[in-house]
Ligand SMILES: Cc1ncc(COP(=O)(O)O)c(C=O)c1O
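Consider the single chain below, provided in structure tokens and representing the form predicted on its own.
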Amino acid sequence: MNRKLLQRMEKVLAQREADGLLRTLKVRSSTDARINLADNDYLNLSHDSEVIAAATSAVNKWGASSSASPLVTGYTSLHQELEKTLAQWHGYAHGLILNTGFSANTAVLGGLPQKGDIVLADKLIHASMLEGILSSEATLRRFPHNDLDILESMLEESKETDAVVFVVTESVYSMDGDCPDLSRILKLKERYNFCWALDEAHATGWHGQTGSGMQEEQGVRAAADIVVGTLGKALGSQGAYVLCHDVLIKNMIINFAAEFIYSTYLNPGSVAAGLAAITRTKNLAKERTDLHQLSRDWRAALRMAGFTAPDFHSPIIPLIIGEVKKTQHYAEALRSAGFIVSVIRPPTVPVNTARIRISLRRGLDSTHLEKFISTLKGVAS
């Protein structure tokens, strides 16, 4: 092995470790009985009997793998059924399945914008969205998080250009758990005629009367031109999807997105699990109201304990501690108390905003909240 390369890697990793930012893998056992507040299984559907049964049946029928890319033989009638189900659920004409949310975002935002176009993106969009935009060679301009006044001023500045303008946002942001005013973005879209790409990954399942997401909850169902969603969070499966009103967008991804063209397609078990999870999710309307109250209760309890917690009802609550080592100290105490939590550190979040990202889930009760708050108070005292 080249010694110069080894020395370079050693230096980079040693510096990251010294900064308290070194990432390492930790094995989780199937017998771990702690309460998981770190994953994205918000509705606990990955352990749902109907979802598991659907996945098992599909594996028995189709095999454990799709065994080919979608343009060869990997695209099955099961994949097509999921596309149609997702599109109808969200209010779109067309859908397309991809293997991961990361690949879905990079396919859309790396393929549709082109050099000379303008992309106006929220400062806190996911890394996958940012990577796609940067690969497109379009001009990227970022507006302060959820500041739609600044977005409007940028749109006003761009209205005389011949460039195609894209606006890129999420509906629930993965690190802060907050949401923009989607109805105002729709009004801006009607005025400025931009292409709106919206990531609904963390809203699907938890928000909306039928669980289709924040567009449904805010009364602007299917307002965005393009929606990217995931099967791997509240739907308890694996994979992702792109939804659109115009088939040209779908055909562009099929023809030009390397992530779609050259990868073995999503396995049948995950596809079937996603279909079953959608049915289960639609039937959880009453529980969704309870889950929103659960989120409000946790946030109120955190504030009463002296911590900062934004007032909202998404499943994501950022418990911002600030300094990395102090945050790790809180996390270790919570793990010892029976909670699985993870520390989110720079560069994923800004410097001095290290946090424990609380991911709420169906099945939590008041005793879990009491124990969590008691543990935090024990560390703080």
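We number the residues from 1 along the sequence you see. Fair warning: this is a prediction, and the values are worked out from it, not measured in the lab.
The same protein also has a form predicted together with this ligand, omitted here; what follows describes it.
Under a 4.5 angstroms non-hydrogen atom cutoff, this ligand in the predicted bound form lacks Thr204 among its neighbouring residues.
In the predicted bound form, none of the heavy atoms of Ser212 sits within 4.5 Å of a heavy atom of this ligand. None of the heavy atoms of Thr76 is located within 4.5 Å of this ligand in the predicted bound form. Shown alone here, Ser263 lies farther than 4.5 Å from this ligand in the predicted bound form, counting heavy atoms only. The chain is drawn here without this ligand; in the predicted bound form, the stretch among 204-212, 189-197, 102-110, 153-161 whose residues come within 4.5 Å of it by any heavy atom is 102-110. Of the candidates Ser136, Gln218, Ser295, Ser128, Ser128 is the one whose heavy atoms come within 4.5 Å of this ligand in the predicted bound form; the others do not. With the partner omitted here, the residue from Gly239, Gly95, Gly177, Gly269 that has a non-hydrogen atom within 4.5 angstroms of this ligand in the predicted bound form is Gly239. Contact residues in stretch 224-248 (any heavy atom within 4.5 Å of this ligand, taken in the predicted bound form) are Thr230, Lys233, Gly239.
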